[in-house]
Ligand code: SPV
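Just the one chain here, laid out as structure tokens, in the form predicted alone.
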């Protein structure tokens, strides 16, 4: 089995456009792998929302780590964790890298904003950016800390989100690349891909470039292929799909005061057991548990 870190590095350097699908817990991560995706985006927004809190670092880094460990245990494909700003300074990043390697997470992506962060799509222009030299120090600290040579550190450039110039975005990307970043994630909230295409035209193939087409979702994927982007991340769509399904199901059950009308629209309970790998436990019980000589008798009073 190829190490998860190596799998992720191979995705970044693939000759074709690769895709990461968002997941936010062990179940969604397993579904991503079964569907055929080669990698998982451990979305900060989705992990936060699934726990009922805001995407403002309201979950501690250890709580995020607990979640991503379940995701890693449930899958064999690599996870790139959305680690926000690194949950602090360079020292917090060093400790995070050590812990991620321990739970077999393949890489992390950190963004050049200030802690605590706010989601990029909420008043992005009003969010201050980190000093690029200080942020580069986080990247270098992460690379110096990793024990697995294939562990990947992705630098997310927020300059375009914050309304800064293309020149600023390129300059920051260059500083982060020189600090050791394995890839650059260039983020944009424009409804068209013009900004990210302009960045890629200037950046060329200096190092792999990752995009997140959440806002420019109507752009044909062929456009990204033709521009030689390395990875596209579908960043929050399983969470949003789940919210839609749960809202509809809850409303129907509430209005009808019955589950009869929805039973045929949802997976059977046996599919839940399959995803939990209940069959493996049953098999293991035959190997490891003693067979009782006689069944426990009913208590007769």
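Positions refer to the first chain, counted from 1. Quick caveat: nothing in here was measured; it's all calculated off a predicted structure.
A second form of this protein, the form predicted in complex with sulfopyruvate (SPV), is not displayed here; the remarks below concern that form.
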| query | finding |
| --- | --- |
| Among the candidates 232, 239, 65, 45, the residue which, in the model of the complex, approaches sulfopyruvate (SPV) to within 4.5 Å (heavy atoms) | 45 |
| Candidate stretches 112-120, 162-170, 193-201, 139-147, one within 4.5 Å of sulfopyruvate (SPV) in the model of the complex by heavy atom | 112-120 |
| Close approach of residue 82 to sulfopyruvate (SPV) in the model of the complex, 4.5 Å, heavy atom | yes |
| Residue 152, heavy atom within 4.5 angstroms of sulfopyruvate (SPV) in the model of the complex | no |
| 4.5 Å heavy atom contact, residue 212 and sulfopyruvate (SPV) in the model of the complex | yes |
| Complete contact of 55, 156 and 187 with sulfopyruvate (SPV) in the model of the complex (any heavy atom, 4.5 Å) | yes |
